[in-house]
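Taken one at a time, structure 1 and structure 2 that follow are two forms of one protein chain, written as structure tokens.
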Structure 1
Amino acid sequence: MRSLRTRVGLLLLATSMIAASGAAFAEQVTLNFLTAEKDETVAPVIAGFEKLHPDIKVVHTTVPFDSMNATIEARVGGQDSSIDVFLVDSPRVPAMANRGYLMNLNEFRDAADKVSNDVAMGVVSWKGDMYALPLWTSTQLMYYNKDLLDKAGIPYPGAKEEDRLTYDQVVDLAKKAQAAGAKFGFLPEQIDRYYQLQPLFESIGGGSGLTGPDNLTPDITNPKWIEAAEFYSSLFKDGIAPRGVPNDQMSSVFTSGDVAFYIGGPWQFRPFNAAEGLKYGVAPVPYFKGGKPVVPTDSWAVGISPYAAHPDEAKKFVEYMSINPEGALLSVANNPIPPTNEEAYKTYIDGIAALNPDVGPAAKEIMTYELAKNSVSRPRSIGYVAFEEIMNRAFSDIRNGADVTTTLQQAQDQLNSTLARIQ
């Protein structure tokens, strides 16, 4: 009995000594990673990274999407060392770099350039320096409700680039579908948001709305801008799109089977596939006759706080997520949007194509050529955040029936004074 106790005691002593020595050799570093994503979205990439680097533990903190930028402003702006790595809304890179919220990542330029396209590289750079690594991107498609089109005797639009309809053609078809019983004809997913509406102005040839040195001069009252804004206004004035439905409820109007044509991102595949009784197809986003096809793009990039407690480990993590194809692919394993990493994209898009055999091949074709040819990023400017806020308000007024020319002129005046202050 006594010898058993001695043996157990010795064993415990030995175990604790081994554990202590192990801890001394491999002290684990904890990286804090801030996003607006659910835990399960980033869990695969964190697990993959931790397996590769057992000495680094990544702790994910999530904040609600609408509070993400305010949180970064408050915490990184307050030089908080408890955030190492965070996701950055890519059009905010210039403003954040300008305020010193992002670490310079020029050392990754060559490696990132090899795996990402020029658009993705452009959005993470400001004045020749690189402040984040490209992570995810986005594109849009035009979804259509097959039942509503059948009812109106409208043939399904094709998926090839040459099959792309003009906005006027889509509106005509939408009215036809409404005459045959569709509640609404045609609606954009993110009403009043510059991200969603920029393609209208770019397609017609009106420009992004910001020009001049460093994109700090507003240009939103030119005739092309007014024409495109009149088109947006008419969608709601003519009852083709509903006035009272907010952004985040828009997709449910489509899943309810009430809309003939709907412009949205690839994040809608899962909910649309799951919607009971919904038969849908996809086509490329329309363009203005005489203009060019344009789709919105960009998403979150990944950056490092200049006040990070563990910058070296943070660099390893962002490199894994963005440049390593395995990490890039894991970052979208539970996420419906495309990775910027071109190697990872190939596997991602095959996964999207396999989600729904009816729609998948067309979706793959459209997304691939849109991302390669027709994606236009939001303007690179330290004034982008203010620009976006003012424009989103103006779009909301236009949607609610305000006079287009007056509203744009007021927004232009407001932008002139706001951007002059930023200059």
Structure 2
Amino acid sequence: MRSLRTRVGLLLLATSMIAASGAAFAEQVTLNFLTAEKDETVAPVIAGFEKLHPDIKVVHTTVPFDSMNATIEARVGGQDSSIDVFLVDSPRVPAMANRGYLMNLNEFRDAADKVSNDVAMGVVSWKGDMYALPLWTSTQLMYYNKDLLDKAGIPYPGAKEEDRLTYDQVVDLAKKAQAAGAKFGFLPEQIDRYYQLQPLFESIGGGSGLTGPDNLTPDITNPKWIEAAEFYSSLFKDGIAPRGVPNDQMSSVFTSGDVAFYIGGPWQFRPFNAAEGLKYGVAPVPYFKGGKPVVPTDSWAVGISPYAAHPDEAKKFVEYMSINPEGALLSVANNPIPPTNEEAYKTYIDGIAALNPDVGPAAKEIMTYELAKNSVSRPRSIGYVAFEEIMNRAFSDIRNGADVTTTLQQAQDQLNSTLARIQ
């Protein structure tokens, strides 16, 4: 017979083993989620997911937008398992998939296809495989300052498709507003980024800037590209738009009441509504006479690292954010950008319409027809990242007074060299 001490020891050992087993069973899995968004933007969708999955905790890490690509290159490219899920700028999907930075998500194709349109599905696929799930899309509107237009005697632009102004008409009105006291007449929000400026070149008929097999041949020196770039240059040369103001401060120029016309995304509704004394309206983005209406689109998709420490839990999270309409809607609760989930979009756009009785109905009308008819994605290419970086530098140079033809030719030469190595 075992001694009392032995039996007590065995009992204590068994108890400790049961307790340890229970603790392991109850332990949460931690998912690491990397974005370029503020904590408050992703907090609602994280809270909704954790409520459904109390055994999974999502930890959010944010980095500046301009550092996002470098962070993914360093950490996922280095096979670091500390990132499970991350947001992917849609046109970067081909390059990231080509480099092995994204897990194949073909298992979600059928489910995603049922809730997202063809444009949203197309930008997350590469060579027949799906590497991210659609999350958000985007469009643009032309905001105008009612007080500045009233002061200049300018009628408010209409919101219907047939009311769309040409770029030349807007510039003429902008100059009239400046003559009546507006500091600036007309400016884009992302003042030297390809996303915002692509519509200039597409509307005039110059193309996206990339052609050929797999969009690896630059085409930014054709006559239409030069004409559109000259128009862009003239906005700053003539003082219609400001030099020296960075992208992230551009919206404050409008909220301060200094700009007559401003092209920006629907994410500006909240700060514009909150700006004291700002009275504004919305109209469709202009187009070039003889060309076609074009607005930029796409936004962040959501992907999984091939080296994720918790791939099964990561799949549950991305499915909730993208395919589940509840999660898709929560993902834009604190960031009014359109979700690609079509069921969630219906609730989202009605919410936009209710934001401001004066602006909401017009915004709903404009956004709905722009997304359906006039949205153009950025070019699909494994060389897009390099293309965007080179073009953004060229746009910045042009904004600051560099010669248009010379700058575009230098960018073309640089792109020829860079994209040839990628091929």
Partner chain sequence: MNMSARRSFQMVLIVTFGLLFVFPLYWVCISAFRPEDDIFRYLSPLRIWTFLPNRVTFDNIVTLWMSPFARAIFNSIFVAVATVAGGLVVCAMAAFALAVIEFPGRSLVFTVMIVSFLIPFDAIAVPLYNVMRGFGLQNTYLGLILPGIGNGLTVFLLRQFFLGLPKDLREAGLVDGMGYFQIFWRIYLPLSVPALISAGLIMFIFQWQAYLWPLLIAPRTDLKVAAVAIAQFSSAYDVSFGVIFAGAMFVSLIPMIILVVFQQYFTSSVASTGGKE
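Just so you know, these numbers come straight off a predicted model, no measurement behind them. Sequence positions of structure 1, starting at 1, serve as the residue numbers. In this text, the rigid core denotes the largest set of C-alpha atoms whose superposition between the two forms falls within 1.5 Å.
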{"query": "Structure corresponding to the form predicted alone", "finding": "2"}
{"query": "Core-fitted comparison between structures 1 and 2 - CA shift at Glu40, Å", "finding": "2.7"}
